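Let's start with one chain on its own, the form predicted alone, as structure tokens.
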Amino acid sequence: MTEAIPGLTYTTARERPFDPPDELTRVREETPIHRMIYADDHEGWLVTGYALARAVLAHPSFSTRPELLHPPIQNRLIKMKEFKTPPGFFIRMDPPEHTRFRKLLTGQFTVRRMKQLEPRIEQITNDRLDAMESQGGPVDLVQAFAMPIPSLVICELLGVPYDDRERFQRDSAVMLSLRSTPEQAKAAMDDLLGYLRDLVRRKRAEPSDDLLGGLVAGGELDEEELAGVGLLLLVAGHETTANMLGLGTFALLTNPEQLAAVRDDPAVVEGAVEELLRYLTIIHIGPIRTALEDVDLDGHLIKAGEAVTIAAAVVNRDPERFGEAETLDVSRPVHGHLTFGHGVHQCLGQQLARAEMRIAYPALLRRFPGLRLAVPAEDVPMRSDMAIYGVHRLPVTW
């Protein structure tokens, strides 16, 4: 069995903006699984190899329930012993509870359903580009483009008024900040849940033709469950894609040949989205699982109750799975990256995120062929202090 590296703890500190932390990469180069000391002194495991990461995510004996988890870093919301999963927040449930909610929603996020949404995504994207062109540069691409597109799309899909974006974006940011205290994170979550309960009541009184309205009409979920489902889909639906659009654009602006391929060759775009998802991996803490029983993982005994943290950003650079993994190459065929997870908890909205990126990246680069950073690359503020990686701001001009 692999012994603990003295002092090995998880880190989110990146030496370069697009690469995982060097320390975690060094661990992967030694072995795909290591003992690790967690923030609460729990001795668990760190997985940095692709094959073992897939095995953990697919194994039914690993749980995602928050009361069983241990924090790899001082992530206050995960650490709170008093934290209870909101009803309907199914990403933190195991089967069969998880299965119940997932089945209700799977049909809303199929490839066919996302294709039907593409004309509206294109319209939203072009509207944002028109606004940028009218305003003129420089602009913060996060606020002008990356955040509004997925926010507008998920609001229309769920039936959440976009005029309320300031409230849900603020609460989401507090919930995802690694600097938030337990009290701050819980207050933000409670505020957003309260907002969604009120919205559910309005939809019950006045039926609406949207995802939440359909769930209300279906009658299978109560008010608390509906609010919890709304919380998960609203936060995940805008924060993840917004950060991929911001960070992905930053990466392309610092790789002119790759940018030109995405801008000029429509045949490259679909693969480019997969490569950016793999190369950048904005989920830079976890996934985290806890063994429900003893599990043999490639000769390593994971005992019941022991936590396993998968370093997704490092796993997606595993050279045994991805050739020349440290290089961004939008023309390469990429399959099987773990940015959307794997197994029963694989991201429900992955096809929506893909559609938004396939449309937004080339549209931005074609509208503004002279797009460039308005500040030195080293001055772009990175989201190392957030549970979802990306850029806080991306000043650009053209």
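Note that this is a predicted model, so its numbers are computed, not measured. Residue indices: 1-based, along the sequence shown.
Not on display, but discussed next: the form predicted together with protoporphyrin IX containing FE (HEM).
Site accessibility, open: after C-alpha superposition of the site, protoporphyrin IX containing FE (HEM) as positioned in the predicted complex shows no atom within 2.4 Å of the backbone or C-beta atoms of the displayed chain. The partner is absent here; in the predicted complex, the one residue of 277, 193, 132, 253 having a heavy atom within 4.5 Å of protoporphyrin IX containing FE (HEM) is 277. When protoporphyrin IX containing FE (HEM) is considered in the predicted complex, only one residue from 315, 200, 302, 154 comes within 4.5 Å through any heavy atom, namely 154.
Partner contacts here mean any heavy atom within 4.5 Å of protoporphyrin IX containing FE (HEM) in the predicted complex, and among 46-54, 369-377, 328-336, 348-356 they occur only in 348-356.
By the 4.5 Å heavy atom rule, the three marked residues 91, 102 and 340 all count as contacting protoporphyrin IX containing FE (HEM) in the predicted complex. None of the heavy atoms of residue 125 is located within 4.5 Å of protoporphyrin IX containing FE (HEM) in the predicted complex.
Protoporphyrin IX containing FE (HEM) in the predicted complex is approached by residue 240, whose closest heavy atom lies within 4.5 angstroms of it. Within this chain, residue 165 is remote from the site of protoporphyrin IX containing FE (HEM) in the predicted complex, having no heavy atom within 4.5 Å. A residue is said to contact a partner when one of its heavy atoms sits within 4.5 Å of a partner heavy atom; residue 287 meets this definition for protoporphyrin IX containing FE (HEM) in the predicted complex. Residues 232, 233, 236, 237, 240, 241, 244 are the members of 232-248 with a non-hydrogen atom no more than 4.5 angstroms from protoporphyrin IX containing FE (HEM) in the predicted complex.
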